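The chain below stands alone, shown as structure tokens; this is the form predicted on its own.
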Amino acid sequence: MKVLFVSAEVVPFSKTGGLADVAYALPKALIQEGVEVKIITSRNFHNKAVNVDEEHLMNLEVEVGWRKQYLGLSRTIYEGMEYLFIDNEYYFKREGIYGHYDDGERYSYFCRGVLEVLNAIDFEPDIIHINDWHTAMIPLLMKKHYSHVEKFQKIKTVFTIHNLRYQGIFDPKVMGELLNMDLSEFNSGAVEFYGNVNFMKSGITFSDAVTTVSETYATEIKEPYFGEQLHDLIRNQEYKLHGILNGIDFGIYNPETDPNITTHYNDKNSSKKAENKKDLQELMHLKKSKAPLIAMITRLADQKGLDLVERIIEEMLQLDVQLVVLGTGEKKYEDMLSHFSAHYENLAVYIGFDEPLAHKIYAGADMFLMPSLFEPCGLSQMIAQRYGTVPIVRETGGLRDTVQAYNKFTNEGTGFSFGSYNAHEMLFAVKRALELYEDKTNWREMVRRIMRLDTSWEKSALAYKALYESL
């Protein structure tokens, strides 16, 4: 089984969110299951701080409308995985991976470039696995421009939706001026979306299989509330929809070996976690205290429940707790958190993102708050469990699939949860966690229990391998 894995971002070369983690960890797990995988991404997102040797393979040209644009192809091996980089400085030497005025052109080029590379190299995959809207035009482009090429005739495509909200919606001129296609698919409604071209819709329509990153999210997106105006399409394509839960990399997230934390520990000596709490308090200029420390590592946006936090943050900070927040995002939430951190000594805020600090927070916090409006999968709650930090989540998407609500009568559960998207229901969930925290025996049992959970990629990789083989 051979797979070409396509992603606009991939750790350690580029990252804006969980997609980059998946694009690193899933291929790694697939390789361990005997699948041959090559990963292709964009060269100019490459982090120069990562010390790798690259081999330049070839120069190609990519048709973008009436123009022919340069494509340089290079290759590197990193941790036993082969990465191919598409190089074009005009399109990809930018600050930020997304959010540019010409994203429609940039990712039309990228999708066509991936197929040009595949046409030129000595590799015949059984599957092209594409991810989110940035890669979603590949199945249609393959049908329109490469169906006559023998190499492409047996290739199947798998399209993974990591977040349905971001769809890649552009002017219909994209079809001809960038993708070299007539308007037949647009006029048929296959890619049309309220008068525009929708890359995500194209990926769902023309791929052979569609996956989402949790079973619950696969169910949710068939309904209007979560379906982002594509729920009817998804219901029509339900026969090829699969929910496969993401995992986390146990090599990167391992409190026994993590180089970012000062005191290593496991489920058998989890009391050593307290030393990391002291280090975190010192680092974040919090008082040394035995009060429960609640953490958030998040994008500061409505989707992540920051509007709920805003409504009850003063009530929360008046409890005997400490709160640490690491994140960046919407200015109104950055300003809100900065304001309260100046007035409450039990709140510490770091605006930005710092990977080593994130690991210190996972290891040093007692609880992890994740009150998302919606969450396709979520990795943070699983990372928190790995470090013995008890998650408090809203029951949606992958959060529902990975956190079993604590039952005080049976002393079972792997975290705390709340159902309605309501600020005080979230606060009540926090208070239930604080109540258990006072019961040291059962709290320690909870910490040990969640540290033993198997949220690695192995089970998910086997599910993807089975899906590939079925195609």
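Because the structure is a prediction, the values reported are computed rather than measured. Just count from 1 along the sequence shown to find any residue number.
The same protein has a further form, the form predicted in complex with a small molecule, not shown here; the description that follows concerns it.
Although the partner is absent from the chain shown here, none of K277, P292 and F340 has a heavy atom within 4.5 Å of the small molecule in the predicted bound form. Using a 4.5 Å cutoff between non-hydrogen atoms, T328 counts as a contact of the small molecule in the predicted bound form.
Taking the partner from elsewhere, S380 is found to have a heavy atom lying within 4.5 Å of the small molecule in the predicted bound form.
Looking at K304, you'd find a heavy atom of it within 4.5 angstroms of the small molecule in the predicted bound form. When contacts are judged by a 4.5 Å heavy atom cut-off, Y362 counts as touching the small molecule in the predicted bound form. None of A358, L183, L283, L241 but one reaches within 4.5 angstroms of the small molecule in the predicted bound form through a heavy atom, and that residue is A358. R299 is the sole member of R299, K272, R311, R75 with a non-hydrogen atom within 4.5 Å of the small molecule in the predicted bound form. Annotated contact segment (heavy atom within 4.5 Å of the small molecule in the predicted bound form): 370-378, selected among 330-338, 232-240, 385-393, 370-378.
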